[in-house]
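Quick heads-up: it's one chain on its own, the form predicted alone, in structure tokens.
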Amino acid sequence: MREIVLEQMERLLAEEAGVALLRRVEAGEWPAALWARAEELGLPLALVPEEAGGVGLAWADAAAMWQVLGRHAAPLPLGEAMLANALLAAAGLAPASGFVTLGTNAAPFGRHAAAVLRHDRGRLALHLPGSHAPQANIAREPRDRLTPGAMIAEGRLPPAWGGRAARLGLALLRAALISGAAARALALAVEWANTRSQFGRPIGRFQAVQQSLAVAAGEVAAVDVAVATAARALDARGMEGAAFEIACAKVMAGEAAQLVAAHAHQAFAAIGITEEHALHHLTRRMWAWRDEAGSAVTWATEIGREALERGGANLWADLTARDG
């Protein structure tokens, strides 16, 4: 099932998404046709159990889907919809009809939402959309301030999900998106280095360029492993039980966003920031996602604080006992 869904996603985004669509989304357009296709495939319900009308995929499957989404610069908020519906299902609530966004401050694509999901220490409240103040991140993705309308459903998450489930889920989503975008940026840079010639040979044959791209490749591999490890831990131990792995993945993703973008733009030089080029759509999103759902510094501070609370004598045992 996982391979089928990933293949469907890749084909859908290859056919329907691209730089032209990304530019229209950044100008404020809702990708209605792409969203309709995603709903036809059942993708917003991928994490909802089959008995609740969903696909019933695992978190590891979802992370792989989010990486595919990141490789195409996430032209629609599918990851947020998947996470919101997973939270609703865990609380025993029916999946939302249409796109449901998360939160009210800097809500992803909030102006286009059919419903708004608020999470506060385990309590969920689903609202109709009310008024909104348009905002955007540095990638020009809508991140709107919402005033929710009437509440249409409410519930509580099971204790195993903890009180910060939405924040942890968003952190894993952003890490996976960065992982996918970084892999695509590296692939573009490698292709360019193998075709762009200077002084009679491809620039990829110069040692300095090879070394730069090798550093980027190492970062891509590291964040890919970190995301996969966090997703497996989430499947094994639940949201709160995987908090350490998710935090580590977000830290690694923040570092990768900075380094991979720098090395990719260095390979392309000025052409990578031209409006028609795909690279800057990826790197601007990587920079924006790096700071959303907690920055690398924020999550590293939480990891350090918890390690100090546990004490130095427990550090090695805590690390080696984890099976994520």
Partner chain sequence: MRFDVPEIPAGAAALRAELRAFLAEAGRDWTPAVRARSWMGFDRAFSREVGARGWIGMVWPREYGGQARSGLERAVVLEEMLAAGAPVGAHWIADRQSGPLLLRLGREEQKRRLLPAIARGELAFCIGLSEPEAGSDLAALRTRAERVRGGWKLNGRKIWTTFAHLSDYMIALVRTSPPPEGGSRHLGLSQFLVDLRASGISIRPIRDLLGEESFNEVTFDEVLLPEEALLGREGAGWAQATSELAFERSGPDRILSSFPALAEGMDALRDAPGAAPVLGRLVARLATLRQMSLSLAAMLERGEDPAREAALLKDLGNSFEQALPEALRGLLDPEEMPPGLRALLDDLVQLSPTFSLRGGTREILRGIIARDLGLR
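Positions refer to the first chain, counted from 1. We call the rigid core whatever largest set of C-alpha positions still superposes within 1.5 Å between the two forms. The structure displayed is predicted, hence computed values, not measured ones.
In what follows, reference is made to the form predicted together with the partner chain, a form of this protein that is not presented.
Assess the spot marked by 211, 214 and 248: is the partner chain within 4.5 Å of a heavy atom from every one of these residues in the predicted complex? Yes, all three are in contact.
Exactly one of 145, 140, 196, 232 has a non-hydrogen atom within 4.5 Å of the partner chain in the predicted complex; which residue is it? None of the others qualify; the residue that does is 232.
By the heavy atom within 4.5 Å rule, which residue out of 188, 136, 228, 93 makes contact with the partner chain in the predicted complex? Spelling it out, the residue with a heavy atom inside the cut-off is 228.
Does the partner chain come within 4.5 Å of any heavy atom of residue 121 in the predicted complex? Residue-level check for residue 121: no, no contact with the partner chain.
Heavy atoms within 4.5 Å of the partner chain in the predicted complex: does residue 98 have any? Judged by the heavy-atom cut-off of 4.5 Å, residue 98 is well away from the partner chain in the predicted complex.
Using heavy atoms and a 4.5 Å limit, would one call residue 21 a contact residue for the partner chain in the predicted complex? Because no heavy atom of residue 21 falls inside 4.5 Å of the partner chain in the predicted complex, the answer is no.
Using 4.5 Å between non-hydrogen atoms, is residue 296 touching the partner chain in the predicted complex? Answer yes; at least one heavy atom of residue 296 falls within 4.5 Å of the partner chain in the predicted complex.
Among 78-86, 109-117, 122-130, 188-196, which stretch sits within 4.5 Å of the partner chain in the predicted complex, heavy atoms only? Stretch with heavy atoms near the partner: 188-196.
Enumerate the residues of 101-123 that have a non-hydrogen atom within 4.5 Å of the partner chain in the predicted complex, in sequence order, or give none. Contacts from 101-123: none.
Did residue 15 shift 2 Å or more between this form and the one not shown, C-alpha, core superposed: The answer is no; the displacement is under 2 Å.
Compare the position of the CA of residue 310 between this form and the one not shown after a rigid core fit and state whether the shift reaches 2 Å. Passes the 2 Å threshold, so yes.
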